[in-house]
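Read the single chain below, which is given as structure tokens and is the form predicted alone.
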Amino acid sequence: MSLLDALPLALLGALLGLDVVSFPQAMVSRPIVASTLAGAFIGNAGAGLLMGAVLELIALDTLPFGASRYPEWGSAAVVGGALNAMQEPGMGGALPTSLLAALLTASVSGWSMVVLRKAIGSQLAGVRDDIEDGSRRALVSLHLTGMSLDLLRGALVTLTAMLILGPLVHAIVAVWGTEAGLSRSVVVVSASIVAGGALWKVFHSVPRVLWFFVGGLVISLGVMVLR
């Protein structure tokens, strides 16, 4: 992938990375949405949707609360969805290698969010007195700077991942020996196990949530049968 080809994806990764925390937190950065959009950019929304579903199962184990450290799924989902959509149909290694690229990107991007928070904290220290005095200008400037840096962070992470991991994924897929059906089955089962573990923890930590889950599942199945 050339730099020019990667720029639209970098812009998409920047916008979705911004949605994770900074603005507007509209949930468009969820993997199933972000990967599908990335696949559509490439011209294969179905491949992006498949990657998004797998990443969504894995992301269920992430609880982005407070100052906790966690993978950044917005930009990473763009990388995973785009890479999976770029591979030739029926290639066995497309999904597992694209998933690995997405997970690596999520880890690096999560680290970049920590660096960004420290940078914003340093800037806050310089204008703390003005904010405590009620300066609207200082507060707006701090917010805009933080969002601008987050936008740039998402773009750089996505662009770097596409330029470095894109050729690597293509090379691995070209020599992958396992058939597509088996490779996809292993990926989906592994992701489902991660999601099952996440649900198990929630069921044991939140009172009565299991009954709400079962009730919702029964209602959903009932609606499907009636239709």
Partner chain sequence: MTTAVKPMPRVPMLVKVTLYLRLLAVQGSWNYESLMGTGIGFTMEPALRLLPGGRGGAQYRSALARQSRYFNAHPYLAGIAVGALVRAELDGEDPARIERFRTALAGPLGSVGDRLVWASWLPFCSLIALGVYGSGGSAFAVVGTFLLLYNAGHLLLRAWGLRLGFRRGLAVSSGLGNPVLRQGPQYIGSAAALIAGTTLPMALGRIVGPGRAVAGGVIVASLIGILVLARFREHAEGWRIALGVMSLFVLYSVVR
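Keep in mind that what you see is a predicted model, and the values were worked out from it rather than measured. Numbering follows the first chain given and starts at 1.
Although not depicted, the form predicted together with the partner chain is the subject of the following passage.
In the model of the complex, the partner chain sits within 4.5 Å of a heavy atom belonging to V21.
Of the heavy atoms in H170, none are within 4.5 Å of the partner chain in the model of the complex. A residue is said to contact a partner when one of its heavy atoms sits within 4.5 Å of a partner heavy atom; V186 meets this definition for the partner chain in the model of the complex. Interface residue remark: M224 is counted as part of the site for the partner chain in the model of the complex, having a heavy atom within 4.5 Å.
Contacts between stretch 14 to 43 and the partner chain, counted in the model of the complex as any heavy atom lying within 4.5 Å, involve V21, S22, F23, P24, Q25, A26, M27, V28, R30, I32, V33, T36, listed in sequence order.
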